[in-house]
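Only one chain is given next, in structure tokens, and it is the form predicted on its own.
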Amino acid sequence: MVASKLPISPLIKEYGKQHSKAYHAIYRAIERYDRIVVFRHIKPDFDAMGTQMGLVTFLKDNFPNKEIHFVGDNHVSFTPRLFPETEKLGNDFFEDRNFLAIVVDVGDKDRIADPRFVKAKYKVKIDHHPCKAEIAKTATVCDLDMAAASELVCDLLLNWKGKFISPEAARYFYIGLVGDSGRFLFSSTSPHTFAVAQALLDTGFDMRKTYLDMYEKSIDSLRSLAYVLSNFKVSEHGVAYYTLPASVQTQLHITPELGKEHVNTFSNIEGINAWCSITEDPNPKDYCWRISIRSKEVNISGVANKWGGGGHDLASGARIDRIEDLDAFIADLDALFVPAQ
């Protein structure tokens, strides 16, 4: 049984009505183009890859005669454990610009994993991040209140009459939904989030195995956690943070992509208001220290924007070019939690 053949929650129907103009523009674009490429952000997470692969699977299931592709960088841990390896689509494909680009889970052009999206004759964007410059002005759905991009894409697809979400597609979408909602614990989780989760579960995919696959850890991951717990620091006003220099990553057998793996270890600790990982990325093309920031209640996106990043109110990313700038960054974050006089 497939999700669209089951009763759909009134919450999903109502949201679809509110966004019917944008939804129908996206439906028409998908129906119009025989060649479609799905894009997402660089350094992907559960939601980026889950949304991308869920949508790709949905499109292949419902439009078997169309040419559907997905591009971007692979994940050091999720690929191929959770998701298939990303296609290596040659430049010759993009020479014919008569294709549709669907961009998911990314707000700004410079964070799209494959820059060749610009060659598309028509572009669609479905996202839940604030953006600096619009990517697809005529076919965009963006809702900052959605827990995950997968939640928004699923609402779009569940409201598409005559189409279905298969168990395989549902599994991918569920990974994205669980990942970006923090297993439904983050404040962005809403009744609509649970309505989408129910629709996905009704397809019959194996939820238990999906969770096991998502959160399986290696021995190296355990050693990495031990290092974090032995080396974290806490600022005067409750900002917990840890640094992972390249030399430590080598000792722990991890890569920069895994630097933020344990950032939420500090999420439920009394006296800690925000927490972040600071990971050295030695890539000579873009050397920096990458920062993942989380907060219990206070909006930290302004600090993230100041330090070359951005994101959500309680979950953002930033960067510093030199480790010598770390104290200034922590001071800015710490200042958010100084008690009012």
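Residue indices: 1-based, along the sequence shown. Everything numeric here is computed off the predicted structure, so don't read it as measured data.
Just so you know, the form predicted together with a small molecule exists too; it's not on screen, but the next bit is about it.
- Listed stretches are 279-287, 64-72, 27-35, 303-311; the contact stretch with the small molecule in the model of the complex is 303-311, by a heavy atom cutoff of 4.5 Å.
- Interface membership of residue 317, defined by any non-hydrogen atom within 4.5 Å of the small molecule in the model of the complex, is confirmed.
- In the model of the complex, no heavy atom of residue 295 sits within 4.5 Å of the small molecule.
- At a distance threshold of 4.5 angstroms between non-hydrogen atoms, residue 123 is out of contact with the small molecule in the model of the complex.
- The shortest heavy atom separation between residue 260 and the small molecule in the model of the complex is within 4.5 Å.
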